[in-house]
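Presented below, as structure tokens, is a lone chain in the form predicted on its own.
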Amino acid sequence: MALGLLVAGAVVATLIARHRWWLPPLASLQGRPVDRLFLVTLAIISAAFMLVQGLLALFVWLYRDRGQRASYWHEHRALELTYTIVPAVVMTGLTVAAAGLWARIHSAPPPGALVVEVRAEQFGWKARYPGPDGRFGRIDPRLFSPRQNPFALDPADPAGQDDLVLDISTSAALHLVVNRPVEVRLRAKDVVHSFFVPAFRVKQDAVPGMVTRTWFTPSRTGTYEIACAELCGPLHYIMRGRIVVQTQEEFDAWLAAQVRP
């Protein structure tokens, strides 16, 4: 009876979850294998949980106290080998699959990828595009100014003259192109942050004093949220940003409007 209720509850919960899944709709090519590995892991863990709990309930019922003398035996080699080798094989398979996925996600971006730079700070995000020359200008932290030079660009470097800097937490958004790979170079101004876009299944730390990188390919147009996944201070909860994914034509028109004098 109890086992039947447990199975029925699991089936109902699964049917409800199909319509109210906790992951947001997928919007990147790299997210599909991430979701697949997540679901496979969840299925294996769920099956193992139900098997163990079901056996525990069965043994409790079979060997309940009925006044008989308790029996005991030592060692069962076949059983011990089974519950040791089977989990080891499953865990090895999951580890190999996860390592391969990790290597693909952190490989070099393909040629022609859009390159943008994102800087995290307490408590917002700023983005930089290289401009028509395709090169980022030099950064000198000593030149930082909250209003005049928020990205600490070195005015002596000609490559930085056309760089486009945007505050993507308030008035602007990070614009990307659908079905075009993008490499995001991450910096942090103060403490460790984490660039997290749930719809893309992307999460990468931003560490002060170094540039970290991640790349992905947006697969759907629309507006998506950037969150900080690292507790970075008392106002961590307000650290949000926006990403707008659009067609190449729309992106070109937007970029031309930004650099127009």
Partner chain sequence: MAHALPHLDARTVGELSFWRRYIFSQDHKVIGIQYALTSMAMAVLGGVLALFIRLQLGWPGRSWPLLGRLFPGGMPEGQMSQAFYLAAVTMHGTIMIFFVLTTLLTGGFGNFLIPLMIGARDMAFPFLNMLSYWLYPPAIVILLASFFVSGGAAGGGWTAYPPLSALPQAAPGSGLGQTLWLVALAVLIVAFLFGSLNYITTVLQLRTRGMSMLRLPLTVWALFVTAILSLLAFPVLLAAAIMLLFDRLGGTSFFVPAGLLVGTTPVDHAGGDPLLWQHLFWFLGHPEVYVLILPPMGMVSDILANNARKPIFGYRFMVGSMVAIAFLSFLVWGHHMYTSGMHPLLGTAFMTTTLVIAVPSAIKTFNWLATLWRGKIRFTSAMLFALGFLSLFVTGGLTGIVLAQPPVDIYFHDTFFVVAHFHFVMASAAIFAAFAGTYYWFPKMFGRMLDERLGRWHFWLTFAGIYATFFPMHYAGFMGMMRRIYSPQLYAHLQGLAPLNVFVSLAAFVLFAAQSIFLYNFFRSLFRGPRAERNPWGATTLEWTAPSPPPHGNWGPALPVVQRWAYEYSPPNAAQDFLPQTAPAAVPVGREPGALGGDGERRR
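Because the structure is predicted, anything quoted here is derived from the model rather than measured. Positions refer to the first chain, counted from 1. We call the rigid core the largest set of C-alpha positions that still match within 1.5 Å between the two forms.
Just so you know, the form predicted in complex with its partner chain exists too; it's not on screen, but the next bit is about it.
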Exercise. Select from the listed residues 191, 159, 165, 178 the one whose heavy atoms reach within 4.5 Å of its partner chain in the predicted bound form.
Key: 191
Quiz item: Taking 4.5 angstroms as the cut-off for heavy atoms, does residue 239 touch its partner chain in the predicted bound form?
Solution: yes
Practice problem: Would you please decide whether residue 171 lies within 4.5 angstroms of its partner chain in the predicted bound form, comparing each non-hydrogen atom pair? | Solution: no
Quiz item: Taking heavy atoms only, is residue 53 within 4.5 angstroms of its partner chain in the predicted bound form?
Solution: yes
Self-check item: Distance check, residue 255 to its partner chain in the predicted bound form, heavy atom within 4.5 Å
Solution: no
Practice problem: For the heavy atom contacts within 4.5 Å of its partner chain in the predicted bound form, list the residues of 198 to 213 involved, in sequence order. | Solution: 198, 201, 202, 203, 204, 205, 207, 208, 209, 210, 212
Exercise. Align both forms on the core first, then report whether residue 253 has a C-alpha shift of 2 Å or more between this form and the one not shown.
Key: no
Quiz item: Would the C-alpha of residue 11 be classed as shifted by 2 Å or more between this form and the one not shown after rigid-core alignment?
Solution: yes
